[in-house]
Each structure stands twice: as C-alpha cells, then as structure tokens.
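So this first bit is one chain, no partners, the form predicted alone, shown in structure tokens.
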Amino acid sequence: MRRVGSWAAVAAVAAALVSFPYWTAAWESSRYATTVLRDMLVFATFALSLNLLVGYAGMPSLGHAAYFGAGAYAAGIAGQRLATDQLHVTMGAAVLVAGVLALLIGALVVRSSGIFFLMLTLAFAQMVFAIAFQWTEVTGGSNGFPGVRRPSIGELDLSAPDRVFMLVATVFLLVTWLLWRISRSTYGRALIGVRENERRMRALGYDTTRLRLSAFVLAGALAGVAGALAAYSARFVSPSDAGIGTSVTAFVMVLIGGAGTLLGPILGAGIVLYIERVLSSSIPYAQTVLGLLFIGFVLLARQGIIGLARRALALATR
C-alpha cells in the first residue's frame, strides 16, 4: 500500500510538471517561468547524462558538450536537409550522431583514467567545437544554425511554446526513469563497481573496458537528446553549444547537486540556471555567486546538496 502511495505521488508530480504551462496560465509571469523551467529541464537532462559518467562509472569528462552540440546540430540539419519536422526523424538523427561520435571518441579514451581521461575528452571536444565553428556550409559557422524546425508527431504539431515545454518535460521524465532503472540494475551496479575498484572487477571476470565504453556511448546519446531539446526550444544552435563552457556548466551542475545520485544533477541544474537566468537580473554579480557556490561545495561538501541532506538526516535521527 505504501509503495502504491509513493508511485501515486510520483505520478501526480509528473503530471503537474508536464502541465505546468496550463495551470500557471493565470500568473503574470507564467510565460517567463515556463521558459526558465523548460531550460532547467533541458540542462537537467544533460546533467543526468554526464552524471552517468561522473557519478556511476567514475569517468569525469570535460568534453561532454561535444555530444550535446552534435545532437543539437543533427536535429536542426536533419530537419532542414530532409525537409521534415517529424520527431522520430530529427530526434533519431540527434541520438544516432551523438551516439556514433561518443563511440568513436570513447573507443580511444576509455582505456585512460584520471587527468589523462579528463584532458583527452577536453581535446576531442575542442576538435568538435572547431568543426562546428569552421564548417560554415553545414553548421553556419560562427553565425550559428538558425531556423531549427520544431517537431511534430504525425499530425500533432508541437511548435507552440506550451507544447514544446510538454515535450521537454516528457523526455526529461523518460530519461530520469531510464537512469533510475539503470541505477538499480545489475549493469548499474557493475558500473559502480568499476568506479570503486576496476582491478577487482576485472579479476571477477568483467570486461571493464567494454563496460566503460557502453556507459560512455549511452551518456553521449542521452546528451544528444538534451541537445535536440535545446535546439527545438531555442530554434537555434551555436558552436558554443559544443564548447568547453557548456561542458563546465554541466559539470558544475552535477557536482553542486551530488554526483552518483539521481536527484542531485536535477537540483544542480535548477540552481545553476536560476542563478544565471533569474538572479542575474537582480544582482550584477550572479556569476561570482555561482563561482563561490561551486568553490564552497568543492572544499566543504564534495557530496553536493544530496550529501549534505543525507548528513543532516543522519544527525537528526541519532
């Protein structure tokens, strides 16, 4: 009975999230709030994909924006070149391109670890950024790629802002559910084992290289999904979407919220986007606040917000 109540509560929260533009329509700032929340959900999806690498597989990447940008460009270019706005075509292109790119890069980097892995992911991401910046005929170069088609599902047009929000929220919930299932699966526990002690997992008979590569590709494909959602939302793709700034932003989201948890990256994305999009209009030093917040968590609370909450709960129940 308790479990049924929990699932009912989750379903109610999910329904409230998807229908947010409708039950807040009477608010004076409803449209702005919907836009900010939509962007939070896009980056929460992106942060969740990075968390699969950082939090579960123990592979801290500074190049994850390469797959976010690849997915965004793939969705936009596929819609233009194929003259279609069908979701399964443009989103499928984003997942395919980001996943294949992650496979190619992952095959070269997953055997490394530590600072070498970090620098290799950064180097390859910078190559992707350079391609996006210089391949003017395809990506638009420094001018970006405008006019991204918003998707449709059959005859259902999703181009209206409230329907784009519903699409973003629905995909976010599906990605969250998928990663929740993975975290509770044998595969997810094997990834944690690789993170904790790869040598022992190898001795137990696990192909740790294959495990790491599979996580790398899955995380890249999910980042491509987030990139496609960003392209639909803004109807524009910029080379900066594949740049180091976007990778660092996602990394900060994961660390502030709590790596290795499902809720942490979501909270981190909400906090970072709130500071960048809302707080910045109230105070002139919003980026400084974000930097100080990040430094504080790195020095004092490396387990992030979720770690602090667990510690406080443990102290309260003693």
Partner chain sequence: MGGSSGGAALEVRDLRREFGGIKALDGVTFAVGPGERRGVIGPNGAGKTTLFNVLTGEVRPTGGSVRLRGEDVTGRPTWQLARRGLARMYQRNELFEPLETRANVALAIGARRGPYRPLTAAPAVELEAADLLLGQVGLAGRERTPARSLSHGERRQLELAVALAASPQVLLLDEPTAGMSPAETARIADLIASLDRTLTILIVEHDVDVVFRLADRISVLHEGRVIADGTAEEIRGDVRVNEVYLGKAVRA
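Only a predicted model underlies this, so the values are computations on that prediction, with no experimental measurement involved. Residue numbers count along the first chain shown, from 1.
One more form of this protein exists, namely the form predicted together with its partner chain; it is left out here, but the text below deals with it.
When you look in the model of the complex, the only residue of Leu178, Ala130, Leu104, Ala123 with a non-hydrogen atom within 4.5 Å of its partner chain is Leu178. Between the options Ala190, Ile77, Leu167, Leu118, the residue in contact with its partner chain in the model of the complex by a heavy atom within 4.5 angstroms is Ala190.
Taking the partner from elsewhere, no residue among Glu276, Pro284 and Leu293 has a non-hydrogen atom within 4.5 angstroms of its partner chain in the model of the complex. Picking from 193-201, 167-175, 146-154, 92-100 the stretch near its partner chain in the model of the complex, with a 4.5 Å limit on heavy atoms, gives 193-201.
Interface membership of Ser185, defined by any non-hydrogen atom within 4.5 Å of its partner chain in the model of the complex, is confirmed. Interface residue remark: Arg210 is counted as part of the site for its partner chain in the model of the complex, having a heavy atom within 4.5 Å. Contact check for Trp135: every heavy atom lies farther than 4.5 Å from its partner chain in the model of the complex. Using a 4.5 angstroms threshold between heavy atoms, Gly205 counts as touching its partner chain in the model of the complex.
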